[in-house]
Each structure stands twice: as structure tokens, then as C-alpha cells.
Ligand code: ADQ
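Take a look at this one chain, the form predicted on its own, written out in C-alpha cells.
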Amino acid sequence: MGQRGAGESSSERPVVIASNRLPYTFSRTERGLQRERSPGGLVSALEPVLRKRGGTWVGWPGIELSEAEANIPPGGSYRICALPLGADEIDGYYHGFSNRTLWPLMHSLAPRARFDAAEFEHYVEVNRRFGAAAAGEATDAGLVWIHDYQLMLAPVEVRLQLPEMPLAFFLHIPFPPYDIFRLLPWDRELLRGLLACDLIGFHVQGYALNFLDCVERTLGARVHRDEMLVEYGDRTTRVRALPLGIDFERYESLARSAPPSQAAREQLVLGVDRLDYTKGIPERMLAFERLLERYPEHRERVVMLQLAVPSRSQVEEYRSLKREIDELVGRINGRFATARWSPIRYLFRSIETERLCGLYRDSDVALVTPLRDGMNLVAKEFAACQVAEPGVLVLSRLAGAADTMREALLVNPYDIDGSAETLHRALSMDEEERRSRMTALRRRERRDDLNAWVSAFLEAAGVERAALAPLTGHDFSRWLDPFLKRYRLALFLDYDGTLTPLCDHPAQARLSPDVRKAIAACAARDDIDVSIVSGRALSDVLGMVGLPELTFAGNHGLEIGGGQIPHFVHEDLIHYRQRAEELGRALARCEVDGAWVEHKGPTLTYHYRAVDENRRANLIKDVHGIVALHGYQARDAHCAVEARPPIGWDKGRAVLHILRHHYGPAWSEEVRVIYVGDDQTDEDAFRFLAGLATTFRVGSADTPTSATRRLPDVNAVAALLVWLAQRAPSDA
């Protein structure tokens, strides 16, 4: 891709598309490798964008390609990046986690979901490769646009490699409610993966609201439902409902030119589906059987034609579904068929689009009754093809399309009796009602077609990066009032990166007068006890804060003092004095290119913030080796490596020591605990306090956390302190 022009906006720059499959279907024949353009609507919609703006489509070719074959010629003015997958990856990532775990779970069919850690690991690795490939193609792009449930973790890798790249995601299947999604053992990982994006698109508002509910309840993210924004750490993501449309004019044109599909002797009820347990084909056939039972006047006058396109035949559940449908067809036909009439015609194959459009046009009723569906484009295709005598659309209210296709007759596919009654109504409906309903459906689908969807998504993706207003007392009240009511508060605060911004040198991290005033105001209350828990030496953090009435834990809790607590030094530190000196001398050899060692008595910190990023990896590796060689434990922090004695003591243990001293063994019945920190050493406290406290992780959203909630920066921490100092007494 060429270099970006100085005045070129992001809406004119190339686009990188990443999806599980490429826009071409590959096969091997006697003539060698063959490539055909995929017939799907998504390809039709996105190719014009790529042809106009340039860019790359990243995807799996579907078959194994040699190195020479993988160098696929460009798709016109855009590149093709074929990402090869090995047999184990295909089984674990695609057939496994994507289709045996996510597919049923996202369709709210949890009993069918299989949770396999090895398959999830394949999913993680393949998503990492997709994200890396997309980032590699996007250095000059204006947008990376990732598609669907197979790639929910890919945004993380793109964001890691290109932090400022506009990044968007569209989910083509449903997003389930919180009580379903939380069954997934890796729910937090997938939510964090999606929140690496600037924009996430869903088919309908209900899915978007489900997502907002999940990120708020699972990750503790700050959610603004009116503006459909999520703030998670230092990043804000825009969430939108953007219903997918179809190429309306193409289907309408094909319907007008298609030859007649059948003689008009019988009314035709049409079902068109990929063979999948989410499509409700058995339930549909049972509803048709109930119709023939209750309304015998339809016998020999109505035929149900069910087209089932083969899908995932290597999966046992799909083979079992086919057997079930075969048996149902045989039983119902055996029960009702006469010498000149069979009620169900069942075709287990795909048919060309032209013939399908003729069937749509000539059908009296389209029975589109999935048990759950992200959108369902069959319903829209049927409406587009109603160019002659209007038919009736019977649509599952559990399909995303039901949100907008209100003029259809909506049914609950699990309600066999209700579906049969609705089908009878559709077959008996007079022409005036049929025409008025179909006219309204066609008008909307013509307006909200595939091109309109692409334009709406790109417009949303091109909006300036979203940001929520700063946190206010209203936010803190909603989060903390029920938690704190009638309880004393034990407030624990980290120092660097929490009360002060991170600085190039620890000596520069000075507490601002406003923050010191807010801490003092909290400590002055009768119902709040404040402790500072820091990786700094105890004397250092005491001097930096300058409020001796507080309790202080230094060196990650190895030293505790200040306030009314007896001075504490961990008893095992005496064994590490000499080792600490030896370790300091050894680490001094790594003080290159701006790196330096901070000596803190029993612990040391190797700082490398001033080191060029290209040199950091090797230095960090060397430092970890030296620390381990001297019998210390190395812990990564913000542009630093902490070296601590391996004595089973950390910030979590220090918090417990302080709580037990102040409130006794039954401390959890006496006080509520809030802990605020910003780095990996605070994770020890977050894990210890899980279920016992409200914890806040400050800063970047890129690092996983065990904290209850995120705060974007030290300004948000200051706002929290002001709110705590000013809130009504806890016994109010």
C-alpha cells in the first residue's frame, strides 16, 4: 500500500478487513487450484469499499495451500492475505471453540456448548495470528474492521501493535444475556478482546444492551446506556445497533426474471435454512403437522417445501439433526400423504440463487422460524422477491430481523400450537392485508439495504474517538453507596500511578496539594481509616505523602508503620540483607542506556523507562535471570522489574495484617474495604480481596485485572477521594 497523503482523511485511506474466510472459495480440481468469488452478501457489500479505498482482506482460505499458492493475486485493487491453518488449529479453533462453544452459547442454547481449555488455547493463538496479520497489513490504513465470533480476541493484537489505529468489530450472530454469557469460563477474556475496539456493531439494540450489561457486571466497566458508550480503563468504546441488510435490487431483479417454480395447484409454504440446530427445522415441521391435524381443509391443498443446505457434516450433532429431520419427514408424510399428494418436500442440498428467487416469489408463505438468529437474511430475501402476488412472512420473534420486520406474523418457534395457528392465519389471509404488510416490509428493506448498512457502519467508525465525561459523584454513589451503607471504611491506596502520575524517576512523583488535601479529609472522618500501600521503601513513602496519621506499608508490605499501628518488619528479611547487596551489585551491570537500580533495603527495583523499546526485551530477560540466580523473585511492573525476597509476603498479606490489627480477626464483619492500585503488584491485593472488597485498577485497559472496577487515571482517583471525603456519614 502506498504512503498516505498529508491531507488524506481516514475515510479515504485503505481498509483492512479480517474475517474467518476470504472472499473467495478455493477448491482443487483436475485443472488444479480453482478460485471462485464467494456468493455471500458480505463479500458483495465490502468489496466495493476495498476496490474504492484499497486495502487487504485477511482470512483463512479454507483449504491447505502451498507457499506458492498462498501468494494469491490481488482482488482487483486490494490485496488478499491468506492465513494458513493447520489441522489441529482447524479442529480446535474453528470446529472446536468457535462452533462447539461460542456458536451454541451465543444463540442461548447453553446445554449444547462444550467448554474445552485446549480448544480455547487454539482460539487464542489463531486470533493472535489473525490480529498480527491484520496489523501487518494496516500500517497505512484508515480502519481495521474485524468480523464475527471466530475473531473476538483478534482486536487485542491489533491494538497492541497499532495503538492509535481506528479499530472496529461487527458481530453477525446474537449476543446473549449476562446469565448465559457468564457460563463461559473465558468470558472476561472475550469481553476485553472486544473492548480493544473503538466501535462494536450488533444487529439489534437488544444484543448491544446485553453486551453493555455483561461488560458492566463482569468487568466492572463504566457504562453509559443513553450514549451507548463503555469506559474500561483508559479506553472508551462506542457500541451501536446496525442491522444488516441485503442486496435488495439484486434479489428483486432475479425474482422478476426467474421462470415459474411450480404449478399453482397447491399453496406453497417455504422454509430455507442452513442445516443447523439453531434454525428450528424440526419444530417447524411439527407445527406444520399440527396445522394438518387441526385444519384438515389444508390437506391436499398445501405443500411445505423445506430446503436444507448441508453444513458442518463432520460434526456429530449436525449428522444427528439430519437423521431427526429425515425421520420427521418420513413420519409426517407417511401419516398424511395420499396417492396424489405429499405434505412435505425436503431437499437436502443448495440450489442456485436464481432458482431460489423464483421459489421466494411463488411461495404463499415463508416460514422463517429459527430458535435464535442474529438477523436472518432469508426473511429479507423473501420480501425482496415478492414482485408478483404477495405472500406472507411468518417470522420467529427470536430472530434479530423481528425487531424491524414488524409487519410479519411473529411466532414463538417453541410454541408448536401457536405456530400452527399463525400458519393457518397466513394461508387464509386476504389479498388486501397481504399486500399492505408486504408493501411496508419491502419499502423498509429497500431503504435499509446492504449498501446502507456499510455506509452506516463506516460513518460510525469514522466518528472521532469517543470519550465519556469525567467521573462524578453520581457514578461513585451508584457503585458504592449500597456497599458502604452503615459500615466503617478501610481505604487502601497505592502511591505511584495511583495518587500521582507515573514519572521518569520516582523522585519526581510528587503528591499534588489537592490530592493530599482529599486524602487528609478522608482520614479526618470518624468512619474512614486510610492506609498507603506502596512498593517504595517505608521511609520514602512516608516522606512523599507527609501525613503521619495514616498507616503505611512499604516495600510491598514487608515494612509497616505510621499511625497507631506497631512498627512491623517481616522476620525473614534478616536472611536477605547480604543477598540484597549482592543482587544490587549484579544488577548494576545492567544499568545501561538510562536503566538504573533503586535500592530499597530488602527489595530492589530495576527501572528501564528511559531505555529504547527495541532494547528492552533482552535487558528484561537478563534482569529476570540475575534476580532468580540470587534467590529473589522478579515481578514485572510499569517499565520496571521488582526484585523481592521469596518469603510469601505481598500487598495482599500486608492488607490482611493491617485489617487484623485494626479490627480483629472478624474484620470482614466490621468494615468495608476499598483498595485502589495501578500495577501488577496490586493484583496480589485484588486477588486476596476478591469477594471481600471493592477494588479499582487504575490506568490502561490492555492488562487483565482481578479488580472489581477500572479507573482511567489519577484524576479519577482524586475524584473518588473527594467523593469519599464529602459523602454523608456511614450511619445515615
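Every value quoted in this text rests on a predicted model; they were computed, and no experiment measured them. Start at 1 and count along the sequence shown; that's the residue number.
Missing here is the form predicted together with the ligand; even so, the following discussion is about that form.
- Interface residue among 279, 235, 100, 159, judged by heavy atoms within 4.5 Å of the ligand in the predicted bound form: 279.
- This chain appears without its partner; in the predicted bound form, the one residue of 454, 377, 509, 604 with a heavy atom within 4.5 Å of the ligand is 377.
- Note on the interface: of 514 to 522, 593 to 601, 458 to 466, 349 to 357, the segment with non-hydrogen atoms within 4.5 angstroms of the ligand in the predicted bound form is 349 to 357.
- In the predicted bound form, at least one heavy atom of residue 251 sits within 4.5 Å of a heavy atom of the ligand.
- When the ligand is considered in the predicted bound form, residue 274 lines it closely, a heavy atom lying within 4.5 Å.
- Although the partner is absent here, residue 388 is not a contact residue: none of its heavy atoms lies within 4.5 angstroms of the ligand in the predicted bound form.
- Contact check for residue 556: every heavy atom lies farther than 4.5 Å from the ligand in the predicted bound form.
- With contact defined as any non-hydrogen atom lying within 4.5 angstroms of the ligand in the predicted bound form, the stretch 518 to 547 contains no contacting residue.
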